[in-house]
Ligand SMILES: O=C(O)[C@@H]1CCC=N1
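Next up: just one chain, as structure tokens, the form predicted alone.
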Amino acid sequence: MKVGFIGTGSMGSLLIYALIQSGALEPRQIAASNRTPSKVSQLSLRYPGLHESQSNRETVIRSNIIFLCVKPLEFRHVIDDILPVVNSNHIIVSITSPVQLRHLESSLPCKVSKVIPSVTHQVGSGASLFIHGERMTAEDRSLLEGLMSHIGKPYQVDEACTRITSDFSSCGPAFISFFLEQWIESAVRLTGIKRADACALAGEMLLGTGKLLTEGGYTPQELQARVAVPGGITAQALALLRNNLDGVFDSLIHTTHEKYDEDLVKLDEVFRASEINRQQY
């Protein structure tokens, strides 16, 4: 298996690290390209054997599976660039949630999928969201999901639910970290606990909570009931949170969906304009 990465920014480089670290891929199986060549040079120094492509087309030519790790509005440009060297056997994977399968399948002659990764893959955990295109065979799906299963748990989702599932799997670590950050800052300020101690305790708590929800058979509601004794400290604090956070999560979901819808409108315009230009020439 030869795997290419077009774009080696935050998530592209994380995926390369995680796949190598997990043993899913050896550096010699990877080709990468970036509009800033020095970023790929750094990766090739870090992972001897990783191929430093001189262009996006070279990355495609050298690969069976190609991850497009670029910003949404850069997709059209990248696709136009690599189109002459893409063949029907290639599997091209978008890791960007607003880019739709219809955008990819109407522009490329190959098999396409969307995989929404998570920063948690850096430690071999979390969920990878999969949305497969119509040209992907059962064997293709198994190949791609098998690759990503080395660094997280594959979940197939409906494209209509891309945003909300991404809120949990991809944005969730930032949301939960924000909550912990605020809690830790208050604890340090009000009680004098050392920040390092609070961070360590919070991290261990979060790890254990995740295991109870994924392996222990608890739902969030059941876990609250298990910890909160009626009339006790936890129950009183939970009542405070319920009163003060009422409506916050509705607003959170509205915010992420509004941004997603804005990006989708822009992408539709970009891909539509490109199609019109192709028909004219």
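The first residue of the sequence shown is number 1, and the count goes up from there. Note that the structure is predicted; figures quoted are calculated from it, not measured.
Keep in mind that the form predicted in complex with the named molecule is not shown, yet the notes after this line are about it.
With the site C-alphas superposed, the named molecule from its pose in the model of the complex keeps every atom more than 2.4 Å from the backbone and C-beta atoms of the shown form; the site is open. Annotated contacts: A18, S22 and S149 are all free of the named molecule in the model of the complex [non-hydrogen atom within 4.5 angstroms]. Heavy atoms within 4.5 Å of the named molecule in the model of the complex belong, among the stretches 92-100, 194-202, 207-215, 132-140, to residues of 92-100. A heavy atom within 4.5 Å of the named molecule in the model of the complex is found for one listed residue only; from C171, L180, A187, V86, this is C171. At the 4.5 Å threshold, heavy atoms of K111 stay clear of the named molecule in the model of the complex, well away from it. When contacts are judged by a 4.5 Å heavy atom cut-off, S107 does not count as touching the named molecule in the model of the complex. Taking the partner from elsewhere, S125 is found to have every heavy atom lying beyond 4.5 Å of the named molecule in the model of the complex.
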